[in-house]
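Just the one chain here, laid out as C-alpha coordinates, in the form predicted alone.
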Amino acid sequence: MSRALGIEARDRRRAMLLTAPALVWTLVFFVLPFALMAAISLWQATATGMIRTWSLDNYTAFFTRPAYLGAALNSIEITVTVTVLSVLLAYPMAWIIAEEVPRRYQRLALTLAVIPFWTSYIVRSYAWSLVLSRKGVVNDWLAGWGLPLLDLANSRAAVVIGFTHFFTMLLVLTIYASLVQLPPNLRRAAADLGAGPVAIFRHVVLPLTLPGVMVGAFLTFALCIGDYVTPQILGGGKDLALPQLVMLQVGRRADLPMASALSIVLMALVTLAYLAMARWMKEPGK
(Lines give C-alpha, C1' and ligand atoms only; values in the text may rest on other atoms or scores of the structure.)
Protein backbone atom coordinates (compact mmCIF):
# COMPACT_ATOMS: atom_id res chain seq x y z
CA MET A 1 0.00 0.00 0.00
CA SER A 2 2.76 2.43 0.99
CA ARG A 3 4.69 1.50 -2.14
CA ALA A 4 1.67 2.29 -4.32
CA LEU A 5 1.24 5.64 -2.58
CA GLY A 6 4.92 6.39 -3.12
CA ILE A 7 4.66 5.62 -6.84
CA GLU A 8 1.55 7.79 -7.10
CA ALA A 9 3.29 10.69 -5.34
CA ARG A 10 6.33 10.32 -7.62
CA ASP A 11 4.11 10.32 -10.73
CA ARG A 12 2.34 13.42 -9.43
CA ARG A 13 5.65 15.25 -8.92
CA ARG A 14 6.81 14.21 -12.38
CA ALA A 15 3.57 15.49 -13.91
CA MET A 16 3.96 18.79 -12.08
CA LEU A 17 7.54 19.16 -13.33
CA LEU A 18 6.48 18.45 -16.90
CA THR A 19 3.62 20.95 -16.82
CA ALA A 20 5.53 23.63 -14.87
CA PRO A 21 7.09 25.33 -17.97
CA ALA A 22 3.70 25.68 -19.64
CA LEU A 23 2.12 26.97 -16.45
CA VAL A 24 4.90 29.52 -15.91
CA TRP A 25 4.67 30.65 -19.55
CA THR A 26 0.89 31.09 -19.25
CA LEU A 27 1.25 32.96 -15.96
CA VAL A 28 3.96 35.34 -17.18
CA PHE A 29 2.72 36.03 -20.71
CA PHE A 30 -1.06 35.81 -20.29
CA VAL A 31 -2.40 35.91 -16.73
CA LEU A 32 -0.19 38.73 -15.43
CA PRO A 33 -0.54 40.96 -18.55
CA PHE A 34 -4.29 40.39 -18.52
CA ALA A 35 -4.52 41.28 -14.82
CA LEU A 36 -2.48 44.45 -15.45
CA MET A 37 -4.68 45.41 -18.39
CA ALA A 38 -7.82 44.83 -16.31
CA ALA A 39 -6.41 47.06 -13.56
CA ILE A 40 -5.45 49.83 -16.00
CA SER A 41 -8.95 49.72 -17.51
CA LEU A 42 -10.26 50.97 -14.16
CA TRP A 43 -7.94 54.00 -14.12
CA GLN A 44 -8.48 57.38 -15.76
CA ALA A 45 -6.38 59.16 -18.38
CA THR A 46 -5.59 62.88 -18.11
CA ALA A 47 -3.48 65.34 -20.07
CA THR A 48 -0.58 64.74 -17.70
CA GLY A 49 -0.84 60.97 -17.31
CA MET A 50 -3.00 58.34 -15.64
CA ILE A 51 -4.89 58.71 -12.39
CA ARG A 52 -4.88 55.45 -10.48
CA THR A 53 -8.37 55.75 -9.09
CA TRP A 54 -10.63 52.75 -9.36
CA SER A 55 -13.85 53.38 -11.27
CA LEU A 56 -16.01 51.95 -14.04
CA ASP A 57 -16.09 55.21 -16.00
CA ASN A 58 -14.37 53.70 -19.04
CA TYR A 59 -16.91 50.89 -19.26
CA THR A 60 -19.74 53.36 -18.73
CA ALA A 61 -18.35 55.44 -21.60
CA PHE A 62 -18.29 52.37 -23.82
CA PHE A 63 -21.97 51.64 -23.25
CA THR A 64 -23.08 55.26 -23.53
CA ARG A 65 -21.08 56.54 -26.51
CA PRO A 66 -22.59 55.60 -29.90
CA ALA A 67 -19.17 55.53 -31.59
CA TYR A 68 -17.90 52.82 -29.26
CA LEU A 69 -21.06 50.72 -29.50
CA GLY A 70 -21.03 51.21 -33.26
CA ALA A 71 -17.48 49.86 -33.50
CA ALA A 72 -18.46 46.82 -31.44
CA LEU A 73 -21.51 46.25 -33.63
CA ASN A 74 -19.38 46.57 -36.79
CA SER A 75 -16.93 44.00 -35.46
CA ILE A 76 -19.70 41.55 -34.58
CA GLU A 77 -21.49 41.97 -37.93
CA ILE A 78 -18.31 41.54 -39.96
CA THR A 79 -17.13 38.57 -37.90
CA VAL A 80 -20.46 36.72 -38.00
CA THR A 81 -20.76 37.31 -41.77
CA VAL A 82 -17.22 36.06 -42.38
CA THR A 83 -17.72 33.01 -40.16
CA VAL A 84 -20.96 31.99 -41.90
CA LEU A 85 -19.57 32.53 -45.40
CA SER A 86 -16.34 30.69 -44.56
CA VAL A 87 -18.26 27.66 -43.26
CA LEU A 88 -20.54 27.57 -46.31
CA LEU A 89 -17.54 27.71 -48.66
CA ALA A 90 -15.19 25.47 -46.71
CA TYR A 91 -17.53 22.52 -46.14
CA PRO A 92 -18.05 21.68 -49.84
CA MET A 93 -14.33 22.17 -50.49
CA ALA A 94 -13.36 19.89 -47.62
CA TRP A 95 -15.98 17.35 -48.76
CA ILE A 96 -14.59 17.29 -52.29
CA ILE A 97 -11.04 16.77 -51.02
CA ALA A 98 -12.06 14.05 -48.56
CA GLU A 99 -14.58 12.19 -50.74
CA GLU A 100 -13.84 12.88 -54.40
CA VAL A 101 -10.07 13.31 -54.58
CA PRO A 102 -8.12 10.02 -54.54
CA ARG A 103 -6.36 9.34 -51.26
CA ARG A 104 -2.89 9.64 -52.77
CA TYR A 105 -3.66 13.16 -54.06
CA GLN A 106 -5.42 14.52 -50.98
CA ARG A 107 -2.22 15.79 -49.37
CA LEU A 108 -1.43 17.73 -52.54
CA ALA A 109 -4.97 19.14 -52.61
CA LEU A 110 -4.67 20.28 -49.00
CA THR A 111 -1.31 21.87 -49.78
CA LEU A 112 -2.86 23.83 -52.64
CA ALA A 113 -5.74 24.85 -50.36
CA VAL A 114 -3.45 26.31 -47.69
CA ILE A 115 -1.06 28.09 -50.06
CA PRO A 116 -2.53 31.49 -48.98
CA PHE A 117 -1.08 30.83 -45.52
CA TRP A 118 2.40 30.88 -47.03
CA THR A 119 2.24 34.55 -47.99
CA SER A 120 2.39 37.52 -45.65
CA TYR A 121 -0.92 38.56 -44.10
CA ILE A 122 -0.25 42.19 -45.03
CA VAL A 123 0.68 41.25 -48.60
CA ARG A 124 -2.62 39.35 -49.00
CA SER A 125 -4.58 42.36 -47.76
CA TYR A 126 -2.85 44.73 -50.16
CA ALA A 127 -3.31 42.22 -52.99
CA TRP A 128 -7.07 42.19 -52.38
CA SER A 129 -7.00 45.97 -52.21
CA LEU A 130 -5.54 46.06 -55.73
CA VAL A 131 -7.92 43.39 -57.05
CA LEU A 132 -11.00 45.19 -55.71
CA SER A 133 -9.91 48.72 -56.60
CA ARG A 134 -11.73 50.88 -59.14
CA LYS A 135 -9.27 49.83 -61.85
CA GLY A 136 -8.66 46.35 -60.46
CA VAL A 137 -9.18 42.91 -61.93
CA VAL A 138 -12.84 42.63 -60.92
CA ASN A 139 -13.88 45.91 -62.52
CA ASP A 140 -11.74 45.21 -65.60
CA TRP A 141 -13.64 41.96 -66.08
CA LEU A 142 -17.00 43.69 -65.57
CA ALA A 143 -16.05 46.45 -67.99
CA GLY A 144 -15.08 43.85 -70.59
CA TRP A 145 -18.60 42.43 -70.44
CA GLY A 146 -20.22 45.86 -70.47
CA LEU A 147 -21.48 45.52 -66.89
CA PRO A 148 -21.60 48.36 -64.34
CA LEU A 149 -18.51 48.74 -62.21
CA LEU A 150 -18.52 47.94 -58.51
CA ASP A 151 -17.16 50.24 -55.84
CA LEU A 152 -15.67 47.52 -53.64
CA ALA A 153 -12.45 49.15 -52.48
CA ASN A 154 -12.37 50.69 -49.01
CA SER A 155 -15.66 49.12 -47.99
CA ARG A 156 -17.05 46.54 -45.62
CA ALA A 157 -17.54 44.19 -48.56
CA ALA A 158 -13.79 44.30 -49.24
CA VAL A 159 -13.07 43.47 -45.59
CA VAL A 160 -15.47 40.51 -45.71
CA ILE A 161 -13.94 39.22 -48.95
CA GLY A 162 -10.39 39.47 -47.61
CA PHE A 163 -11.29 37.75 -44.37
CA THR A 164 -13.35 35.02 -46.05
CA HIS A 165 -10.52 34.19 -48.45
CA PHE A 166 -8.17 33.59 -45.54
CA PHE A 167 -10.43 31.82 -43.06
CA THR A 168 -12.05 29.50 -45.60
CA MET A 169 -8.69 27.78 -45.88
CA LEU A 170 -8.49 27.41 -42.11
CA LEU A 171 -11.94 25.85 -41.94
CA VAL A 172 -11.12 23.45 -44.76
CA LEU A 173 -8.44 21.90 -42.55
CA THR A 174 -10.66 21.42 -39.49
CA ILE A 175 -13.62 20.11 -41.48
CA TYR A 176 -11.43 17.79 -43.57
CA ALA A 177 -9.95 16.33 -40.38
CA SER A 178 -13.46 15.50 -39.18
CA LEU A 179 -14.58 14.03 -42.51
CA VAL A 180 -11.67 11.64 -42.93
CA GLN A 181 -12.29 10.23 -39.44
CA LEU A 182 -15.84 9.17 -40.26
CA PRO A 183 -16.14 5.36 -40.43
CA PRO A 184 -17.49 4.46 -43.90
CA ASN A 185 -19.63 1.73 -42.35
CA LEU A 186 -21.89 4.33 -40.74
CA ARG A 187 -23.02 5.71 -44.08
CA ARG A 188 -23.37 2.21 -45.53
CA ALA A 189 -25.52 1.18 -42.58
CA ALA A 190 -27.73 4.26 -42.98
CA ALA A 191 -28.10 3.52 -46.71
CA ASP A 192 -29.02 -0.11 -45.97
CA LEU A 193 -31.74 1.17 -43.64
CA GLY A 194 -33.26 3.19 -46.48
CA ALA A 195 -31.76 6.64 -45.87
CA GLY A 196 -31.09 8.74 -48.95
CA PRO A 197 -28.03 10.94 -49.51
CA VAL A 198 -29.69 14.00 -47.94
CA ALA A 199 -30.87 12.05 -44.89
CA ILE A 200 -27.44 10.45 -44.47
CA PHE A 201 -25.81 13.86 -44.54
CA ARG A 202 -28.31 15.44 -42.11
CA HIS A 203 -28.46 12.61 -39.59
CA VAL A 204 -25.03 10.97 -39.84
CA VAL A 205 -22.35 13.08 -41.52
CA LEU A 206 -23.25 16.55 -40.27
CA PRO A 207 -23.69 15.65 -36.56
CA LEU A 208 -20.41 13.73 -36.51
CA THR A 209 -18.46 16.48 -38.28
CA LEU A 210 -20.09 19.35 -36.37
CA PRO A 211 -17.27 19.50 -33.76
CA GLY A 212 -14.73 20.15 -36.51
CA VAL A 213 -16.98 22.78 -38.03
CA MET A 214 -17.50 24.56 -34.71
CA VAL A 215 -13.82 24.47 -33.78
CA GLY A 216 -12.97 26.11 -37.10
CA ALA A 217 -15.85 28.56 -36.70
CA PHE A 218 -14.66 29.58 -33.25
CA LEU A 219 -11.08 30.05 -34.45
CA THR A 220 -12.43 32.15 -37.31
CA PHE A 221 -14.51 34.25 -34.91
CA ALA A 222 -11.67 34.78 -32.44
CA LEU A 223 -9.07 35.67 -35.07
CA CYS A 224 -11.40 37.79 -37.18
CA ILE A 225 -12.89 39.93 -34.42
CA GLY A 226 -9.44 40.74 -33.04
CA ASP A 227 -7.80 41.52 -36.38
CA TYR A 228 -6.57 45.05 -37.04
CA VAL A 229 -4.68 44.78 -40.34
CA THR A 230 -7.40 43.71 -42.76
CA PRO A 231 -10.08 46.26 -41.69
CA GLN A 232 -7.41 48.97 -41.72
CA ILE A 233 -6.17 48.18 -45.23
CA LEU A 234 -9.37 47.04 -46.96
CA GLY A 235 -11.95 48.99 -44.97
CA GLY A 236 -10.51 52.44 -45.55
CA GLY A 237 -11.56 53.58 -42.08
CA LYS A 238 -15.24 53.84 -43.04
CA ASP A 239 -16.56 51.25 -40.59
CA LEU A 240 -14.34 51.29 -37.52
CA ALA A 241 -13.95 47.94 -35.78
CA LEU A 242 -13.01 47.46 -32.14
CA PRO A 243 -9.30 46.71 -32.81
CA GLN A 244 -9.04 49.93 -34.81
CA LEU A 245 -10.73 51.84 -32.01
CA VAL A 246 -8.22 50.40 -29.54
CA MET A 247 -5.33 51.57 -31.71
CA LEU A 248 -6.87 55.04 -31.99
CA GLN A 249 -7.05 55.27 -28.20
CA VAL A 250 -3.37 54.34 -27.94
CA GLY A 251 -1.93 56.17 -30.94
CA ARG A 252 -3.91 59.42 -31.05
CA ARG A 253 -5.35 59.97 -27.60
CA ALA A 254 -2.76 58.12 -25.50
CA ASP A 255 -5.69 56.87 -23.44
CA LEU A 256 -4.37 53.54 -22.20
CA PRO A 257 -7.19 53.02 -19.67
CA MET A 258 -9.88 53.34 -22.37
CA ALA A 259 -7.86 51.13 -24.72
CA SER A 260 -7.60 48.53 -21.95
CA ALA A 261 -11.33 48.69 -21.30
CA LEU A 262 -12.08 48.19 -25.00
CA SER A 263 -9.68 45.25 -25.08
CA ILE A 264 -11.46 43.68 -22.11
CA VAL A 265 -14.76 44.11 -23.96
CA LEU A 266 -13.21 42.46 -27.02
CA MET A 267 -12.06 39.49 -24.95
CA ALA A 268 -15.50 39.28 -23.36
CA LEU A 269 -17.07 38.96 -26.82
CA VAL A 270 -14.68 36.13 -27.68
CA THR A 271 -15.50 34.42 -24.38
CA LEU A 272 -19.23 34.69 -25.05
CA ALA A 273 -18.71 33.20 -28.51
CA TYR A 274 -16.80 30.29 -26.98
CA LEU A 275 -19.53 29.65 -24.42
CA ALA A 276 -22.14 29.73 -27.18
CA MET A 277 -20.21 27.23 -29.33
CA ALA A 278 -18.68 25.02 -26.62
CA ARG A 279 -21.54 22.50 -26.52
CA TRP A 280 -21.06 21.74 -30.24
CA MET A 281 -17.27 21.49 -30.09
CA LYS A 282 -17.40 18.22 -28.14
CA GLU A 283 -17.45 14.90 -29.91
CA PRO A 284 -20.91 13.30 -30.00
CA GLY A 285 -21.57 11.15 -26.97
CA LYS A 286 -19.01 12.91 -24.74
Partner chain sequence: MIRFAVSATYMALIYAFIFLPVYVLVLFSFQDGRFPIPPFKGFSLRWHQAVLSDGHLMAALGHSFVVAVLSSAVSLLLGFLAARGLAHARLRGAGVARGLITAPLSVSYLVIGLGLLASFNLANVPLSLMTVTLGHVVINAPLCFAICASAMGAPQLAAERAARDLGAGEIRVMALVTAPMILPALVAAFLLSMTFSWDEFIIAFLLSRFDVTLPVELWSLLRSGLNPKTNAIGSLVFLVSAFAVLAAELALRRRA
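Since we're looking at a predicted model, the values are computed, not measured. For clarity, a rigid core is taken as the largest C-alpha set superposing within 1.5 Å between two forms. Numbering follows the first chain given and starts at 1.
Another form exists, predicted together with its partner chain; not displayed. Remarks below refer to it.
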For this session: Could you spot which one of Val131, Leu152, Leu210, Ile200 gets a heavy atom to within 4.5 Å of its partner chain in the predicted bound form?
Result: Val131
For this session: Check each of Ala195, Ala127, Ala143, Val80 and return the one that places a heavy atom within 4.5 angstroms of its partner chain in the predicted bound form.
Result: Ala127
Exercise. Want to guess which of 89-97, 201-209, 177-185, 70-78 is within 4.5 Å of its partner chain in the predicted bound form, heavy atoms only?
Worked result: 89-97
For this session: Give a yes or no on whether every one of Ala45, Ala158 and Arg279 sits within 4.5 angstroms of its partner chain in the predicted bound form by heavy atom.
Result: no
Exercise. Given that the partner is absent here, does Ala254 sit within 4.5 Å of its partner chain in the predicted bound form, heavy atoms only?
Worked result: no
Exercise. Closest heavy atom of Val123 to its partner chain in the predicted bound form, within 4.5 Å or not?
Worked result: yes
Exercise. With a 4.5 Å heavy atom cut-off, would you call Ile51 a contact of its partner chain in the predicted bound form?
Worked result: no
Exercise. Do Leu112 and its partner chain come within 4.5 Å of each other in the predicted bound form, heavy atoms counted?
Worked result: yes
Exercise. Which residues, if any, of 144-166 lie within 4.5 Å of its partner chain in the predicted bound form when only heavy atoms count?
Worked result: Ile161, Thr164, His165
Exercise. Quick one: core overlaid, is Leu272 moving 2 Å or more at the Cα between this form and the one not shown?
Worked result: no
